[in-house]
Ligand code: BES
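In the block that follows, a single chain appears as structure tokens, in the form predicted alone.
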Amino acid sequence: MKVHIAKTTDLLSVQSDLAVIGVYEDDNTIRLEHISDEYQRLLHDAITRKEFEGKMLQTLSALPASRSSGQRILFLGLGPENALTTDRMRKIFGHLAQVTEKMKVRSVAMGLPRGSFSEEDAVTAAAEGWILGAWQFEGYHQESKDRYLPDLHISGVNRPESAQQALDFGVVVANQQNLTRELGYRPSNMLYPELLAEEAVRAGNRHGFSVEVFDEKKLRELEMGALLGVGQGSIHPPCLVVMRYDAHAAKTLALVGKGITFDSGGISLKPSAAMDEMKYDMLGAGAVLGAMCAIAETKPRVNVIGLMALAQNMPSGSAYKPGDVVRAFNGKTIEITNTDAEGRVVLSDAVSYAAHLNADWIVETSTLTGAVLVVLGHEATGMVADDDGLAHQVLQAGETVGERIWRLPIYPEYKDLYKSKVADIKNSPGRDAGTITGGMIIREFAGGIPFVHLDIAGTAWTKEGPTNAVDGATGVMVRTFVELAHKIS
């Protein structure tokens, strides 16, 4: 399955099994020359009968017209013309990948829709959508599933050279987003901390960034008691993975991700319903790994450090308990009032280590709270930030790549909620402002460096859709992180 820039601007002259004609909902004319009268009548009749109206992702298939080359036609709804964005482009091409696989064609050609965005941004979005929409987790079935993944030819491009660069960029980013998704789908018995760290080492070797793994012994030497505390109940010990992309630049961006490869809740055990989804609790770390791969390939002019705090949160005779006090790398102590609020605990060591490495900005992401689902559902990522400049850059990066982010307030009164009588802070202050206090607790370990927390508990895995062929991991924040690195460089 490859994506190409067609050498001709005429869609119907592209050598392909299927030609896809985009139709706007508010303008049903076919904007192509040399289209046969038969196809024109077919579209007109379908619109008259209201079988096809150009609504977003609506399709109408047509067999080859007489005296044609045998090329099939698919009309694809683009929705209202004035509503077309690069994010909608991503969804259109993602849906097209899923539809055309079922049609079992070998090659597909589609003209590039136009909107209030550059041709390069349109090509990047089209390539990303196609690759994300076509991807599926292979799984562990006894017999593999046969798939028909056609090549895509994008026609109607006016600047082929810059369009090719944009396409290459989109392919890289989408493939690494799919890496994050693939890791998220893996069951925890096949992706515990040591195995995820090994994936990072292999990725570093492939893409050209350095990787250092701090094992249990090294964590003890560094006095990372928070990460050790969360992981001590599992037979699979915790670790911290430190990845470095060196652009020989003056500034350094740190990306930090929560990597709980399975979260039972520990002694504060979760309900059994949907506990299988807790294999996804490493998707913050997965997003950092996917982003590091894409950053190393696309080479922004800023140094980037990626940190993954990896552990399994399990109940056992050796597990940390409510009432325990752990000490993080920077010396702050944390009273454990709920072992199921473990993400902020492991991240305290990772974020304080990022500050120790003198990063200029720290951006952290985690599937941190169920509360963010109550506030934002599956539609947006929650942000807690203490620096307006960095917050604005992250928000802009997310908007550019179609990943919604909503900033939440951090009023001084919230800090009183996580005061502890026996330690510097407590890890679980209760339900009030739960998403905000979770981010603020992690912020306590950033050492005054501009900091952004992104809670992806609602966006890291979602239902089936145009760029998610089945329910599951989305790879959210990979695109935002890559865009952010290029933006601040």
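Start at 1 and count along the sequence shown; that's the residue number. Being a predicted model, the structure only gives us computed values, none of them experimental.
Heads up, the form predicted together with the named molecule isn't pictured, but that's what we're talking about next.
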- Message: in the predicted complex, does residue 168 come within 4.5 Å of the named molecule, counting heavy atoms only?
- Response: no
- Any of the heavy atoms of residue 368 lying within 4.5 Å of the named molecule in the predicted complex? yes
- Task: Consider residue 338 of the chain shown here, and say whether it contacts the named molecule in the predicted complex, taking contact as heavy atoms within 4.5 Å.
- Result: yes
- Query: Is residue 278 close enough to the named molecule in the predicted complex to count, meaning some heavy atom within 4.5 Å?
  - Reply: yes
- If you check in the predicted complex, do 392, 399 and 483 all have a non-hydrogen atom within 4.5 Å of the named molecule? no
- Message: Just to be sure I understand the contacts: of 103, 83, 373, 357, which is the one whose heavy atoms reach within 4.5 angstroms of the named molecule in the predicted complex?
- Response: 373
- Message: I need to confirm a contact call. Of 349, 364, 342, 128, which residue comes within 4.5 Å of the named molecule in the predicted complex, counting heavy atoms only?
- Response: 342
- Task: Go through 222-230, 149-157, 257-265, 108-116 and give me the stretch that gets within 4.5 Å of the named molecule in the predicted complex, heavy atoms only.
- Result: 257-265
- Task: Scan 426-440 and note down the residues that get a heavy atom within 4.5 Å of the named molecule in the predicted complex; none is a fine answer too.
- Result: 428
